[in-house]
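First, one chain by itself in structure tokens, the form predicted on its own.
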Amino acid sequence: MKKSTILLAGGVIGLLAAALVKFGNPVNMGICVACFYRDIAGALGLHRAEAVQYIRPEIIGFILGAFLIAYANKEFKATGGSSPLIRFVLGFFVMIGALVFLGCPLRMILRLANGDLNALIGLFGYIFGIWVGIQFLKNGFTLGRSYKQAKANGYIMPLIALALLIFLVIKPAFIYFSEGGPGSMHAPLALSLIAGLTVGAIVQRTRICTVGGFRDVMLIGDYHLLTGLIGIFLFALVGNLVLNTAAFKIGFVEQPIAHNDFIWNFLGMTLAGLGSVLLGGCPLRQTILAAEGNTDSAVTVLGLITGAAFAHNFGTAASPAGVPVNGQIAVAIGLVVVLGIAGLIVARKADTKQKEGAVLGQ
């Protein structure tokens, strides 16, 4: 795919994010995979933070859009078995880091496109986390290969998306909806769903991934995926200047649904970047892979949702007031756990090679 094509593909995502803000989504949160999964977790009663409970149609659209395109192009394949439990744990801590920063890597780009300079600190942390993860990749880190599975496994995520859509439409009593706060702010259902379907289809075809863009530049000098991220930023910037002029403000203070604690913005996104590069994709990319039938990515998504529920049940998520002590502890633990997992896998790989070399030497 030409760089101009992927630039425009990213541009469509950026414009859709700006349009979603114009029509009701929270400012600086036209699209945020971490925030949207957090809202869905709240709607299902997995946490009881009343301000962030809503079944986000965009997530439903991401999954169904990617599934339909993958199926039509014969790219839907049920695979799995690549360290699923480790993927769950990594997904859990990626969410912990994201909610301390207050946004996924995609929202980080969109926040920057609306003038929020706190996102620049997060970007530095994200790139640093990716760089650290690349050092493990260079030394043999791998979660192992995936294996072909029965197709029924691959259909589970699209079916979950359909069930969520039904719940959103009929609004049963056991589903929670925010009456105030970010969860109560949303674009019309039809627009959100169409935007989600479009983004899901685009990401499935282009393989746009926030972690992949920076990883490929640092690892192999390939700027292809990064071009898509530049497109998201540039077109979201233009979209915000045209559609959301009143909300556009350059600076660190009084930014919507954000805080200016530099250390924890940096470390939160360091954790998210490190976990994502070890997983092989950011939260958006994991969602698309799950829609394509990858059950390992589906387990990662479940880890993200569990992390979101944990963050609000145990008070680790940040707020505009700053990062609570529990959040700081959770990020520190997350960095230790993720680095420990990566270190153990690399050490085992090195030990295996050494033993194989000794056998060949005999």
Partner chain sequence: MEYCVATFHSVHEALHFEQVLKKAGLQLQLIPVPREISSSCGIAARFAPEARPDFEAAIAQHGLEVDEIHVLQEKPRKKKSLFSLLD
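Just so you know, these numbers come straight off a predicted model, no measurement behind them. Positions refer to the first chain, counted from 1.
Note that the form predicted together with the partner chain isn't included here; everything after this is about it.
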Quick check for you: of 148 to 156, 182 to 190, 250 to 258, 212 to 220, which stretch puts a non-hydrogen atom within 4.5 Å of the partner chain in the model of the complex? 212 to 220
Does the 4.5 Å heavy atom contact test between T142 and the partner chain in the model of the complex come out positive? yes
R107 within 4.5 Å of the partner chain in the model of the complex, heavy atoms: no
With the partner left out here, check for me: in the model of the complex, does some heavy atom of I194 sit within 4.5 Å of the partner chain? no
Is L137 close to the partner chain in the model of the complex, meaning a heavy atom pair under 4.5 Å apart or at it? yes
With the distance limit set at 4.5 angstroms and only heavy atoms considered, check whether G280, E292 and K349 all reach the partner chain in the model of the complex. yes
Those residues of 227 to 250 which, in the model of the complex, come within 4.5 Å of the partner chain by heavy atom: none
